[in-house]
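First, one chain by itself in structure tokens, the form predicted on its own.
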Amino acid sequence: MKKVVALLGSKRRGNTYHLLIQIKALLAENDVDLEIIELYRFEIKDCAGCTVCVSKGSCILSDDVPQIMEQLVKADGIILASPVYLQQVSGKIKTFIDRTCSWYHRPALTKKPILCVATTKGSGLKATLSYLQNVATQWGALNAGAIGRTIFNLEKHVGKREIAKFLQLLDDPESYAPTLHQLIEFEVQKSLALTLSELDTAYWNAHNWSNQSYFYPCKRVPFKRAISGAIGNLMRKRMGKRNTDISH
């Protein structure tokens, strides 16, 4: 049985929580277990902005974040779920995401599908889901789609079609076809890793990503790969020259 972990950024067991319960039932029909982590029940301190996690690979804070991050790493798939608070995700899930800064430099969730879920009684649904999907991309994960509800369809139950892509990617992650934006984001991350940090360079080399056009073999449109590769090569050339100029 595959294991999926959902991060819930709501203090109340309201609309977003009930969507997760519906998803849990659908996943169970496909031999997938869902564990819901209610972030408000954990100690999650504000990021100090010190970048020690990036430069040294450790965090100066002591709380429940490392435990939660480890659960995500061990999961086969992930769900990010939040109600919309003033046009965006809740503060709690944003605080947790801030603490994962090192995952942008040294992605730990590659080949894991992420489904994004949000509900709102007002506006901001599109922006909230878009933000969560961008986070998934920067973690190196697979964007497995989004499920959203507004005041007009809060009572609509989650259908099998809404989780079909998520289930497909759980079974076959290499069937994923990254977008041009995601390929370019990969090149940006690679450029930073290979030119600015020995720790990042060692991590990327150990995972054999340094000479790849994405984190793993998957469906890629050749012209998109050519565009993103050209952008990446130019970026690394300029960043390398800048570092040389600074050193002199």
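Position 1 is the first residue in the sequence shown; the rest follow in order. A quick note: this is a predicted structure, and the numbers were derived from the prediction, not measured.
As for the form predicted in complex with a small molecule, it is not shown, yet the points below apply to it.
**Student:** Of these, 136-144, 69-77, 82-90, 100-108, which stretch puts a heavy atom within 4.5 angstroms of the small molecule in the predicted bound form?
**Tutor:** Selected stretch: 82-90.
**Student:** Is it the case that Lys121, even though its partner is missing from this view, gets within 4.5 Å of the small molecule in the predicted bound form, heavy atoms only?
**Tutor:** Heavy-atom contact with the small molecule at 4.5 Å: present for Lys121.
**Student:** Report whether the minimum heavy atom distance between Arg12 and the small molecule in the predicted bound form is within 4.5 Å.
**Tutor:** Residue-level check for Arg12: yes, a contact with the small molecule.
**Student:** Would Thr16 sit within 4.5 Å of the small molecule in the predicted bound form, counting heavy atoms only?
**Tutor:** Close contact exists here: in the predicted bound form, Thr16 approaches the small molecule to within 4.5 Å, heavy atoms only.
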